[in-house]
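Presented as structure tokens, the chain that follows is alone, the form predicted on its own.
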């Protein structure tokens, strides 16, 4: 009888431990979810709240009626009463959306073009120094951008290359290309070599094999590298800030910073601009999430 009671007590204790562990996991997941989503929720709330709602104490968590005038001013222009912002600053934001799309698309295209060629070479060909050269390239990712800004600025200023989107594209490509090569090399290593050997036996050249055999199989890796590069380039701030100066050449991250005035800050406009600026990378990550995860985890074991 005593033994049965002890066994029942042990089973009850184990049951309570499982219940407490499950509750702890649920609370942890809820805490992480709130930690991630609450700032985004407040960003959206601030973008549709009036200035009086933003400054009210206690704050109004759900402004009613919602005020979409911030989005109207950013997308279609118009004078804003009671602010020091000019129509030039608002027009610059519309230019910045176009500029960010041009820069992000250009950097992504260049990184994928050179990344495919270099990644395949490091994965399949006998390169001088082997992987040591790849690790040397990765050192570029470890160097803080701020360390290189002054010498790069002096060089570009000397040759009259400032305030040009092409220079911003080339500089950002140089910074992101090493990691893109690393991702694509890892993915190429996960593709069986037998497929390439069969294509070579059939008379295909290296470039034909890369185009018709390897690249169709490497679509998830290409999407992973492309989405990563696009998001990193879209969020870049220091290089566009230093190497562009005119209102029509700034990117969206720099244009949002221009909304901060000397005596007054338009928090509603900044929030609305932040929502608009976050839509392209967020939608890109949502639609291509499957390819992104498959590409990033492809080389986790091999290579």
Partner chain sequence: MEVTIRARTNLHLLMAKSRTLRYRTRLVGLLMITPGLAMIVSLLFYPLFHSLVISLYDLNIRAPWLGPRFVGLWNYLQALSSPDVQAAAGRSLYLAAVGIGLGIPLSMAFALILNRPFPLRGLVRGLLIVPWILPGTVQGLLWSRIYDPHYGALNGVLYQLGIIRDYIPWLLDPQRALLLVALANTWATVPMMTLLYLAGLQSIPEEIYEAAQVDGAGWWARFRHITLPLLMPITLINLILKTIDALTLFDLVYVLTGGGPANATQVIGYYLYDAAFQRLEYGYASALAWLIALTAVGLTVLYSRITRPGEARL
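Numbering follows the first chain given and starts at 1. We call the rigid core the largest set of C-alpha positions that still match within 1.5 Å between the two forms. Here the structure is a predicted model, which is why all the values come from computation and not from measurement.
Although not depicted, the form predicted in complex with the partner chain is the subject of the following passage.
Student: Answer for residue 33 alone: is it within 4.5 Å of the partner chain in the predicted bound form, judged on heavy atom distances?
Tutor: Flag for residue 33 set to yes.
Student: Whether residue 114 contacts the partner chain in the predicted bound form should be assessed with a 4.5 Å heavy atom distance threshold; does it?
Tutor: Output for residue 114 is yes: heavy atoms within 4.5 Å of the partner chain.
Student: Using the partner position in the predicted bound form, report whether residue 29 sits within 4.5 Å of the partner chain, counting heavy atoms only.
Tutor: Yes, residue 29 sits close enough to the partner chain in the predicted bound form that at least one of its heavy atoms falls within 4.5 Å.
Student: Taking any heavy atom pair closer than or equal to 4.5 Å as contact, tell me whether residue 63 reaches the partner chain in the predicted bound form.
Tutor: Residue 63 lies outside the contact set for the partner chain.
Student: Judged by heavy atom distances of 4.5 Å or less, which residues of 225-256 approach the partner chain in the predicted bound form?
Tutor: Result: 227, 228, 231, 232, 234, 235, 238, 253, 256.
Student: When the two forms are laid on each other by their rigid core, does residue 54 show a Cα shift of 2 Å or more between the shown form and the other one?
Tutor: Passes the 2 Å threshold, so yes.
Student: When you overlay the rigid core, is the Cα of residue 43 off by 2 Å or more between the shown form and the other one?
Tutor: Indeed, residue 43 is displaced by 2 Å or more.
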